[in-house]
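Coming up is one lone chain in structure tokens, specifically the form predicted alone.
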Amino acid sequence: MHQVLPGPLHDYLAALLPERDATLAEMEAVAKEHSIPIIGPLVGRLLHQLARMSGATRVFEMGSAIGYSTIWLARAVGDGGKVYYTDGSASNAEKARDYLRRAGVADRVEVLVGDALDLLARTEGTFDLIFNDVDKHDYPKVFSLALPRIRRGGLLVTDNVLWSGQVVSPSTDAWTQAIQEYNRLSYASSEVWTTIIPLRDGVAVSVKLH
């Protein structure tokens, strides 16, 4: 698991968390056992809170894996809200469908399988929140593609933007370079106001200004 906080501080925050329900707890255990990338409960609560604070009812998720973050978002949008799940793996999507059903939010989620960037381009309308957790080399592309699709006052939220601290130094690694470029773009743009929260592996929160 990537994390940028010192271990004792991360453990302190984790110990404050209330226990998750049986479905989320099982997903956390499965993800740990099989090295499946999920955002974990610290970022899950943040994502849920951001969606609630912004009044999000229409959410597009880019890179959903087994649907862990999808459940946090789907519970935030409430009855009548909609979350678009995306993942390139049909196997992940099948697992996610089962977890979404067991979590009681399947009716709020549309499961899409394929490249998240292509799926966003093919899905009509604007969104209150877009959550970006795709392969890191696509992060700069996501910024330019997602921004026009977010309503004014809506949020673009991106995970792993501190990349275990690797972003602080020049790098020849393509994924690290792409994250560094995403961070530069998100702070330089006059269309959004961005803050990076150093929680877990770093979460960038950008609010659309106009």
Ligand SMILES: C[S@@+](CC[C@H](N)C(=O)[O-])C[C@H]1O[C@@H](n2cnc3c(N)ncnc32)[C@H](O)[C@@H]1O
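Sequential numbering from 1, following the sequence displayed. Treat the numbers as computed from the prediction; the structure is a model and nothing was measured.
Below: the form predicted in complex with this ligand, not depicted.
- Contact annotation: of the candidates 51, 39, 161, 156, the single residue with a non-hydrogen atom within 4.5 angstroms of this ligand in the model of the complex is 39.
- Among residues of the shown chain, residue 65 is one whose heavy atoms approach this ligand to within 4.5 Å in the model of the complex.
- Of the heavy atoms in residue 135, some are within 4.5 Å of this ligand in the model of the complex.
- Although the partner is absent from this view, residue 131 contacts this ligand in the model of the complex, with a non-hydrogen atom inside 4.5 angstroms.
- The shortest heavy atom separation between residue 117 and this ligand in the model of the complex is within 4.5 Å.
- The partner is not drawn, yet in the model of the complex one stretch among 66-74, 166-174, 52-60, 181-189 has residues with heavy atoms inside 4.5 Å of this ligand: 66-74.
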